[in-house]
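Here we start with a single chain on its own, the form predicted alone, put down as structure tokens.
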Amino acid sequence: MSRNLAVHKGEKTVPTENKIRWPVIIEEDKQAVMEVLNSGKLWGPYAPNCRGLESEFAAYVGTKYCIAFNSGTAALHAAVRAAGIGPGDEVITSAYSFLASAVAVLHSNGIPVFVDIDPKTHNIDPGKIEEKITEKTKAIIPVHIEGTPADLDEILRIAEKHDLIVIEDAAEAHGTKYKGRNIGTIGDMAIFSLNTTKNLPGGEGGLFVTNNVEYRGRANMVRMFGEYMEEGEGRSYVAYTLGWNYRTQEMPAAFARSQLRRLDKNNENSRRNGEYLSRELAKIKGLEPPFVPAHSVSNYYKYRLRLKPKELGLDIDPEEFRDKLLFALREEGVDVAIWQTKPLVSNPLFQIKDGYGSGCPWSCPFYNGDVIYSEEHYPATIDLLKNSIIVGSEEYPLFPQKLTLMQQYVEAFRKAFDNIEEVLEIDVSKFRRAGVTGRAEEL
């Protein structure tokens, strides 16, 4: 019997040299950073590149205010504090996200409450939010996961009904739109990440945006040791509340400013690649491309592809099928990955309920609730993560790639599914098991 797959010594489909590594750094990026070094001005909340990044991103998104932070997590923590979240308060967010969406709440002594996802968009399911609202609920953090906007109209309706603040977690959603409006301008506040993996990279960093001057002032106090300052005002060195040192620095700010000039172009390229993959992979039995509502514009930060082994007549454990296919595709040269394999509640942090000692913040005397973190309450999230893979990787995401690479990816998928019996023969015991982070994180 012929052996066609690369994992069985067949010819590899995708040459490594066809891939473009992220981030793409051009001469203008290098010059921007060198100008910082030449100036000798490397830090400061009102240094020229920090201020330039803030004003340019505010103009790009369409908000009155933007504050630069040293990470998206720090920016989200500041937004939670700006919302007045404190001991005993509950904040609702998605069961499927990066850990920071919940940890930022814990940083303010608040209690994260998770809601299952819409199985189509992978975002928080608005239809399941109200059942989680209590008299302790103060805010909702919808996560625009994978660069596809959440259903903000319905979320805002619920928030208005229950007098809740809405903080958009747009860490993955730079340049995306919901019903013609820029993500980041619809809720009360929003945050974006500048981590190198993002389509707007700054090495590390984060951006907080709002149209509300009061929220802007509170968030800035969190960034600046609790010092209150009007926009552009010098430091007083007088603390009014507990604050942190969450400032960014001039070199990453300069780099992010330079990258911002190409954000729309990179997003356009990413959308072309994502839409091409969706058209072609939909033709392969056993695959379901990601869904983007017609009223939304995604940046395809992550391209999550559902697997449907039952459509192929296969009675196999979904995670085993996922892992075998992942192995086969990687051997073909396709950059595929697993990102999150369990709902956030599965982290030991939430099972043990001991955030920073003595059971806090759950055991805080200001909190008399009894939030339950059980996996069984999040079936849509569990089903998605068991039955899907990410096309693209942190090193080789969709944003910079040429269409020819996408064509080769599709060819590799066709090859794998045309030789599905070979895929099923693969021994996945080589995968490193890593507890709640998943059994197939790395080969």
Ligand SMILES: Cc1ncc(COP(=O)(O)O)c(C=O)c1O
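Treat the numbers as computed from the prediction; the structure is a model and nothing was measured. Sequential numbering from 1, following the sequence displayed.
The discussion below concerns the form predicted in complex with the named molecule, not included here.
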Residue-level question: is Ser71 within 4.5 Å of the named molecule in the predicted bound form, judged on heavy atoms?
yes
The named molecule contact at Phe98 in the predicted bound form, heavy atom, 4.5 Å
yes
May I ask you to state whether Arg322 is within 4.5 Å of the named molecule in the predicted bound form, using heavy atom distances?
no
Taking heavy atoms and a 4.5 Å cut-off, does Ala328 contact the named molecule in the predicted bound form?
no
Please tell me which of Gly205, Gly184, Pro149, Gly274 lies within 4.5 Å of the named molecule in the predicted bound form, judged by heavy atoms.
Gly205
Can you work out which of Ser298, Asn199, Ser193, Ser94 has a heavy atom no more than 4.5 Å from the named molecule in the predicted bound form?
Ser193
Option from 362 to 370, 166 to 174, 256 to 264, 153 to 161 whose residues, in the predicted bound form, bring a heavy atom within 4.5 Å of the named molecule
166 to 174
For the heavy atom contacts within 4.5 Å of the named molecule in the predicted bound form, list the residues of 358 to 385 involved, in sequence order.
none
